[in-house]
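Single chain ahead, written as structure tokens, the form predicted on its own.
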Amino acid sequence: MRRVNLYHDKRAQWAVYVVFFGILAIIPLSMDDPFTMNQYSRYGVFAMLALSVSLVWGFGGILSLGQGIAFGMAAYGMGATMQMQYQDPVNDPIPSFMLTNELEVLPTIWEPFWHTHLGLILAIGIPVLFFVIFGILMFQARIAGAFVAIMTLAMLGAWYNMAYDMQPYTAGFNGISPPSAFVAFGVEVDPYSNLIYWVSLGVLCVLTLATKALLQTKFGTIVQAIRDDPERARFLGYNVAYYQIVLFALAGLIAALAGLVWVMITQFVSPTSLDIFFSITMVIWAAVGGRMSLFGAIFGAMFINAAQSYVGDEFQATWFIILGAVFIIVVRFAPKGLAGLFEYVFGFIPYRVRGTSGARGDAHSASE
């Protein structure tokens, strides 16, 4: 028997996730406010984005400032899918914003979105494929550190300008506003219903548990080893670029699914989904919550956005100054974020285990 920190016990970690998502799942049963349900659903999307950043940055050591690329591309794909669900193939085949921009026929790039299932596949598949290609270009060339951050940020800016300038196809700054809610399997997903909250929470739950399970496999151990010392991993015979590309693409997949759910909630997509500040904010959420903890990143995203919703209106523009100050303080004095605080508190709880099968002693491999 030896004393360990309960924070690093795998069984305790899984129990926390079960309790956490279980509590969140029953919230609609005690609340009858459509606006609040819509707001909480958005928190679920923000948590997915923080999860994406935690995976690629916290566990992979890849500081990507371009997670908004996958989010925005998927959001536009979902917006096009929902828009074409509303259009009539015979009497009204062209969205109104295209007519305003003097398009007389539906662009070929929009044709696949007549089919909902194909539209969803493209909305998810294209961002992931782009991340695979972009990842190959970066990681095969052994680009790392700040250079990855710069390249992803530059690519994000390029996509933002493209979405803004291609007004006949993307509606420009005005954005695409599907007139009706998304319909799947004959069920309309009302953005102000309990259903949309459970959809958002369900996607977040599945992505979180799947990511946690992945990080506890050999793959997860290798990517964390690469994060700590890529050269040593390379000398041991591991294809570092391969693992980085896969991890980068998986993080893009999570961000793409977040974009999909986001448009279901808001019924709107515009270049703001590709905004640079928005992607940087995702990094702040993960850093404040704890980038090397999946739960910490999720909690950080929910906590910061809840604070902005209930307190941000009072501070208005100064809220962003406060947010920046919090980020600086965390980076300087609490690099593990709120998760580090949880780890410190759990360290005082008397807990002993037999051997080492139930717990891990180092925070770097805990994959919380």
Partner chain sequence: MSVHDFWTPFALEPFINALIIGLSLASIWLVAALGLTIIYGTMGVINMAHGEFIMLGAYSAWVMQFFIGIPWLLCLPLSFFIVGGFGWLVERGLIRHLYDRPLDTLLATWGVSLVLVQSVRLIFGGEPQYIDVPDELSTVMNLGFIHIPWMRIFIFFVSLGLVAMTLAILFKTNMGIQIRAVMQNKEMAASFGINSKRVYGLAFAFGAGLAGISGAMFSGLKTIFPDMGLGYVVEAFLVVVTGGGEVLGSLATAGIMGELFSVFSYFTNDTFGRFVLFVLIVIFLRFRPQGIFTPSMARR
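Given the structure is predicted, the values throughout are model-derived calculations rather than measurements. Numbering follows the first chain given and starts at 1.
The form predicted together with the partner chain is left out here; the points below concern that form.
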Exercise. May I ask whether F113, L122 and I265 all come within 4.5 angstroms of the partner chain in the model of the complex, judged by heavy atoms?
Key: no
Quiz item: Is P34 close enough to the partner chain in the model of the complex to count, meaning some heavy atom within 4.5 Å?
Solution: no
Exercise. Check whether D165 has any heavy atom within 4.5 Å of a heavy atom of the partner chain in the model of the complex, and answer yes or no.
Key: yes
Quiz item: Does F303 make contact with the partner chain in the model of the complex, using a 4.5 Å heavy atom cut-off?
Solution: no
Quiz prompt | Partner contact for A339 in the model of the complex: the partner chain, 4.5 angstroms, heavy atom | solution = no
Practice problem: Let me know the one among Y192, W198, F134, F97 whose heavy atoms come within 4.5 Å of the partner chain in the model of the complex, would you? | Solution: F134
Quiz prompt | Selected contact from M151, I245, L253, C205, since only one has a non-hydrogen atom within 4.5 angstroms of the partner chain in the model of the complex | solution = M151
Self-check item: Stretch in contact in the model of the complex with the partner chain, which is absent here, among 157 to 165, 256 to 264, 75 to 83, 88 to 96 (heavy atoms within 4.5 Å)
Solution: 157 to 165
